[in-house]
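We begin with a single chain expressed as structure tokens, specifically the form predicted on its own.
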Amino acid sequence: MMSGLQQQLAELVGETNLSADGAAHAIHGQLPTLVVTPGSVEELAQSMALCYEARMPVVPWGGGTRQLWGRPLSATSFVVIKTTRLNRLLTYEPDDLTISVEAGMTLGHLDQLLAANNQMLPLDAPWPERTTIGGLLATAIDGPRRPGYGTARDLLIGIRVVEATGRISKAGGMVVKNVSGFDMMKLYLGSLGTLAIIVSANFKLLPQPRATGTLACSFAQPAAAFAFAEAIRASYLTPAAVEYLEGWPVEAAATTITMLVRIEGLPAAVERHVRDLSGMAAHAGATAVQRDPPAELGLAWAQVANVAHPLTATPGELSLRLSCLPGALEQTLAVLRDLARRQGLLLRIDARALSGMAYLRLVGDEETLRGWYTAALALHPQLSLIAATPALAAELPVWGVAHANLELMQRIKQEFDPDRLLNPGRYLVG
């Protein structure tokens, strides 16, 4: 059966776009039987149809930057379908502030296209030179500018996908307000490729700001930093990003605390924000306030977007995602920090201070890491792992232990992929 599928795929996409060497595309140590790279949506759909006929599980693969997420595959044989050749600009209407691109285009490439017209898609995904648009949507990754511009679900206006059977379907369109009834495209956001493979996406765009500014505010204690964040929340000010960093950059001491604030807009508004925010930081107890910190400090926004998202799983290290109510963030981090200290673990934190989303990196021996995660889940059930060694990913509850609407998610999965052929076993209902 496998040789027949391999021959069919080779005839479809060409032998140069099909490989039986899966070493570079391992999933938690599991090697794919084949790696196929279609050159068009139609080729991808036909590839999916062939795999479906052979009942061969499929793993979608964009830039490979977040393949550490999720549990190990429940299948022993599988095909990786890469989207990197689907990287074309489909439609761009600068005057309408809308764009449509294929899902294999990287965020970095898209940013370059938009910069020519002084426009932007303000999604600060980590590793933008490798992160594909499809992967960004499938993982629903957020970035530091979430407070100012929202997430992908706020900017996405249309989507096109290929289902497990090879059928092509779409939702939304190229008009900003075009949805009546069920907003089906939101189903695919964060689904980790378990419902369909995203092949193109349409977005509404924004003009680039005329001016920007960054404040790096140092604090001796977390309480002072969060007092500053609370003062921002209660004010009339609208910074694009308010990022709480503890123990970053790596070269800094583990106790280093920085509140990094990004301001974007008209020059006069930026200057007013810088002035007022500097005063608020000092009032909250900042030990230092620096405008536009030099690159050698390791606080550039591109670096900040990457810090919590490793590309490889390192023994003796866990990376986690935490989601909670914004008002509960300080206390939740305090509990997890105290637990790490009592167990002798190094904890680094990168948190969206105004939105309740945080990314944690823990360093220590594997047995202690295992115990910390188990204890932490008892305190905060919505923690999830985003990077761990294959052994820990197979053993620990990667997606936490409290899952709202799990039954509904199972019904949706049954409707879209009843044979469990898309990324089987990796997600909650995979």
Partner chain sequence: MPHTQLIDDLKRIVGPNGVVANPDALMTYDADGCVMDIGEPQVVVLPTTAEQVSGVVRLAARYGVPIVPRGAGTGLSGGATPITGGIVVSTARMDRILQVDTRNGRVLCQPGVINWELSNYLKPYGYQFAPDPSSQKACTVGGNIANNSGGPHCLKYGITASHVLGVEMVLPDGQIIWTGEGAPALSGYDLTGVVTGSEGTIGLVTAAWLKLTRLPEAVRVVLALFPTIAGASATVSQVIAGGFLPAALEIMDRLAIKAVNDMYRLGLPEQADAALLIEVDGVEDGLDDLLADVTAVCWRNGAIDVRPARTLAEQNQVWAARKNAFGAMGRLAPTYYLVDTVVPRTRLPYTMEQVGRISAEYRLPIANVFHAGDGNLHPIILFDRRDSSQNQRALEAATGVMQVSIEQGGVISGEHGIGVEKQDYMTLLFSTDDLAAMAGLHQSFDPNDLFNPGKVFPKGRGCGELAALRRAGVAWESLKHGVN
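None of these values were measured; they are calculated from a predicted model. Residue numbers count along the first chain shown, from 1.
There is another form of the same protein, the form predicted in complex with the partner chain; it is not shown, and what comes next is about it.
Asker: Based on heavy atom distances of at most 4.5 Å to the partner chain in the model of the complex, which listed stretch, 84-92, 269-277, 307-315, 251-259, is the contact stretch?
Answerer: Of the options, only 269-277 has residues within 4.5 Å of the partner.
Asker: Can you pick the one in 176, 297, 346, 211 that has a heavy atom within 4.5 Å of the partner chain in the model of the complex?
Answerer: So the residue touching the partner chain in the model of the complex, by this definition, is 176.
Asker: Among 206, 334, 223, 302, which has any heavy atom within 4.5 Å of the partner chain in the model of the complex?
Answerer: Of the listed residues, the single hit is 206.
Asker: Looking at the partner-bound form in the model of the complex, is residue 370 within 4.5 Å of the partner chain by any heavy atom?
Answerer: No, residue 370 sits far enough from the partner chain in the model of the complex that none of its heavy atoms falls within 4.5 Å.
Asker: Look up in the model of the complex whether residue 115 has a non-hydrogen atom within 4.5 angstroms of the partner chain, and give yes or no.
Answerer: The answer is no: residue 115 has no heavy atom within 4.5 Å of the partner chain.
Asker: Is residue 96 close to the partner chain in the model of the complex, meaning a heavy atom pair under 4.5 Å apart or at it?
Answerer: So residue 96 counts as contacting the partner chain.
Asker: Mark residue 129 yes when one of its heavy atoms lies within 4.5 Å of a heavy atom of the partner chain in the model of the complex, and no otherwise.
Answerer: Judged by the heavy-atom cut-off of 4.5 Å, residue 129 is well away from the partner chain in the model of the complex.
Asker: Going through 212-235, which residues have a heavy atom within 4.5 Å of the partner chain in the model of the complex? Please give them in sequence order.
Answerer: Contacting residues: 230, 233, 234, 235.
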